[in-house]
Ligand code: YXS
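Quick heads-up: it's one chain on its own, the form predicted on its own, in structure tokens.
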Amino acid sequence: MKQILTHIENHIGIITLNNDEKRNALTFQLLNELIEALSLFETLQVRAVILRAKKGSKVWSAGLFIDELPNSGEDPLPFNHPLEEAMRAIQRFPAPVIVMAEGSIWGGACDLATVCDIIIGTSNTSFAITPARLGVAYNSSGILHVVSVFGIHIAKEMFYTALPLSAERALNIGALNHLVPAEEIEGFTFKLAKRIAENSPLSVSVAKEQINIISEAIPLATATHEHINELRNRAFKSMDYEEGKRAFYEKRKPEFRGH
């Protein structure tokens, strides 16, 4: 594994994002390595997982790697996308996954963090959902993840503005479990993970699965799914999507025209 680092300590599995050159962008390789690590940890019966960046990181993850986004006309986040598969792996993992959120969390990485079980941050932590900067229509599951963690009105602001949400606001709305000084986040997170690992792994696993089932119990009619897919088609088949990607590479502000 090259883009993540892993080790186990006292029944706690630690996954460290290790793609500094790309600000821990969620490349296909990184996401597939993350899925592999979780599979290994499950086999080894770890009782908690910590997902972190390297100590002192200013960016926890910059989100999806833009070079791997498809051309216009293709869904940028289909069901079998590695990000979707990684999030399902986190949700299915039989022990809690804790985000040690040191630094800013952008785009798809914000979605990834929302499906984890506990998020611990510092004053340098922030969350931003950025598809509007690229002309991308986010998928329904991702929107539901963000809404469930940040609440519907804050989620709307995040999707509409693409501006970062501060750690203080995230704490106030319950999106962050704990806000601690940067110099204490490592010790605090490991102490919490150790406390979880000391409890009954079966009881914790059952509680996690029950909570996930209950939180996802929102039925949608077939027609509603079809309507949502049609809405997304308008965006990822648009000229704005191509303009958003060009502007990113050219390091300029995009000129969106709404078509």
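Numbering starts at 1 and follows the sequence shown. Every value quoted in this text rests on a predicted model; they were computed, and no experiment measured them.
Omitted from view is the form predicted together with ligand YXS, to which the following refers.
A.B. asks: Among 124-132, 165-173, 147-155, 181-189, which stretch has residues with heavy atoms no more than 4.5 Å from ligand YXS in the model of the complex?
C.D. replies: Partner-contacting stretch among the options: 124-132.
A.B. asks: Is R246 close enough to touch ligand YXS in the model of the complex, meaning at least one heavy atom pair within 4.5 Å?
C.D. replies: R246: no contact with ligand YXS in the model of the complex.
A.B. asks: Any of the heavy atoms of A25 lying within 4.5 Å of ligand YXS in the model of the complex?
C.D. replies: Looking in the model of the complex, residue contacts with ligand YXS include A25, since a heavy atom lies within 4.5 Å.
A.B. asks: At 4.5 Å between heavy atoms, is F93 in contact with ligand YXS in the model of the complex?
C.D. replies: Answer no; every heavy atom of F93 is more than 4.5 Å from ligand YXS in the model of the complex.
A.B. asks: So, in the model of the complex, is V136 in contact with ligand YXS at a 4.5 angstroms heavy atom limit?
C.D. replies: Result yes; V136 sits at the interface with ligand YXS in the model of the complex.
A.B. asks: Do all of L64, W106 and K251 end up near ligand YXS in the model of the complex, with near meaning a heavy atom within 4.5 Å?
C.D. replies: Yes: L64, W106 and K251 each sit within 4.5 Å of ligand YXS in the model of the complex.
A.B. asks: Identify, from the list L69, A37, V204, A197, the residue with a heavy atom within 4.5 Å of ligand YXS in the model of the complex.
C.D. replies: By the 4.5 Å heavy-atom cutoff, the listed residue in contact is L69.
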